[in-house]
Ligand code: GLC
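One chain comes next, on its own, written as structure tokens: the form predicted on its own.
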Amino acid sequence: MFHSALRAGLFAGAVFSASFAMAAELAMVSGDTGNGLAFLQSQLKKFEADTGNTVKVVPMPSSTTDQFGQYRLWLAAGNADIDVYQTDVIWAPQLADQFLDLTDAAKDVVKDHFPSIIESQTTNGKLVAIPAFTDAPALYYRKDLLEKYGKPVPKTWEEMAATAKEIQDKERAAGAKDLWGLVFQGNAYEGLTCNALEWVKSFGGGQIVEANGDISINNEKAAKALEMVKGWVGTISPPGVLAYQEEEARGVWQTGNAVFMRNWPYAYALGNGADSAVKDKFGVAPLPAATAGDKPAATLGGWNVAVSKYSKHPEEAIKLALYLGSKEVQKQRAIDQTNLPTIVSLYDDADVAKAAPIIPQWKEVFMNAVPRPSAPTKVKYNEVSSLFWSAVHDTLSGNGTAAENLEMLEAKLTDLKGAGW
């Protein structure tokens, strides 16, 4: 009896040891902002408990530009230390050759996602990444201040600027010396490309490079949009806005020192946090347009999960990618982070609507989303974007007029395009 029990115990112990011997140690990168890293780690704990695998998070800079540069270095070197990458919506055409094809692994779930988002992550018939959440920015506004001064939510940029200036000046006169009218992302990085594309597109100035590959940015409407924003810097926006990324803008906003803010959905939950000076005092609306009746523009964002072709544990890494893009995680992310799901059914989910009522409302913002020109420019997109945001930053900084900088930009893009994208 004793010997049989001992043998059974030894056998069970051997099976237990073997199962953990087969468990994979995975590594993934994350440049999450706000409390996104804490959320990711909470989800990874569940994955680890369910699979026996472990996942190490390698932190990245919050700047998407810096992230992309690091990704390219690692992947070009065949780095096998990173298994799973979080990827921006625009990176699929540029990194496709370095990631595993997830078409077969995701065949049962792709139908649940917005088709356009699956399409954005598909290059030459290869599904490069699993969508985790989508993104489109909005205009955050102080409900209490607009009500105090009897102002409607602005529909045009001109109306927004006038309202921002009036409230800013009156509140400062009343003692709120640190209040600004508007904060946005003005640093020279990918975030400025997103902001500037919205200004230019809403003025009818095109999308930098059009879907057919034509370079369209050098036009009067685009120049007018950038000159408008140049006039905001130092008047309704702090001079330091030219160094702001998402978190710097949110920092000013969340301490109660801005009337308006342009930012992504993640800032909504944080703005209503217990430590926020603007908790329950703000709303969101689609970004303004150039003139009343025009369509606003909101740059399409979003993040996805890709698996390195150099991973030593491809099967387990694919399981992790599928898990992070699953309905379960997307629902929790929507509730905790106000990140927009890519799974269509979650927009009608009662739990999501109750916890994050903003998400059903964001559908209107999402419907006006404009893609960055990564599809037509393919592997050259990063250089296209860098040239664009540099020209915009020069303009906003007073280094040349918008017309001069856009003319130079067109020449540089023409050289970059060469015989074709």
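Numbers for residues come from their place in the sequence shown, where the first is 1. These numbers come from a predicted model, not from an experiment.
As for the form predicted in complex with the named molecule, it is not shown, yet the points below apply to it.
Specify the contacting stretch among 284-292, 183-191, 104-112, 247-255, defined as having any heavy atom within 4.5 Å of the named molecule in the predicted complex.
Within 4.5 Å of the partner lies stretch 183-191.
Are any of the heavy atoms in residue 302 no more than 4.5 Å from a heavy atom of the named molecule in the predicted complex?
Heavy-atom contact with the named molecule at 4.5 Å: present for residue 302.
Using a 4.5 angstroms cut-off on non-hydrogen atoms, would residue 88 count as touching the named molecule in the predicted complex?
Result yes; residue 88 sits at the interface with the named molecule in the predicted complex.
Taking 4.5 angstroms as the cut-off for heavy atoms, does residue 268 touch the named molecule in the predicted complex?
Residue 268: no, not in contact with the named molecule in the predicted complex.
Whether residue 349 contacts the named molecule in the predicted complex should be assessed with a 4.5 Å heavy atom distance threshold; does it?
Result no; residue 349 lies far from the named molecule in the predicted complex.
Pick from 74, 203, 157, 264: which has a non-hydrogen atom within 4.5 Å of the named molecule in the predicted complex?
That would be 264.
Between the options 53, 368, 64, 374, which residue brings a heavy atom to within 4.5 Å of the named molecule in the predicted complex?
Here the answer is residue option 64.
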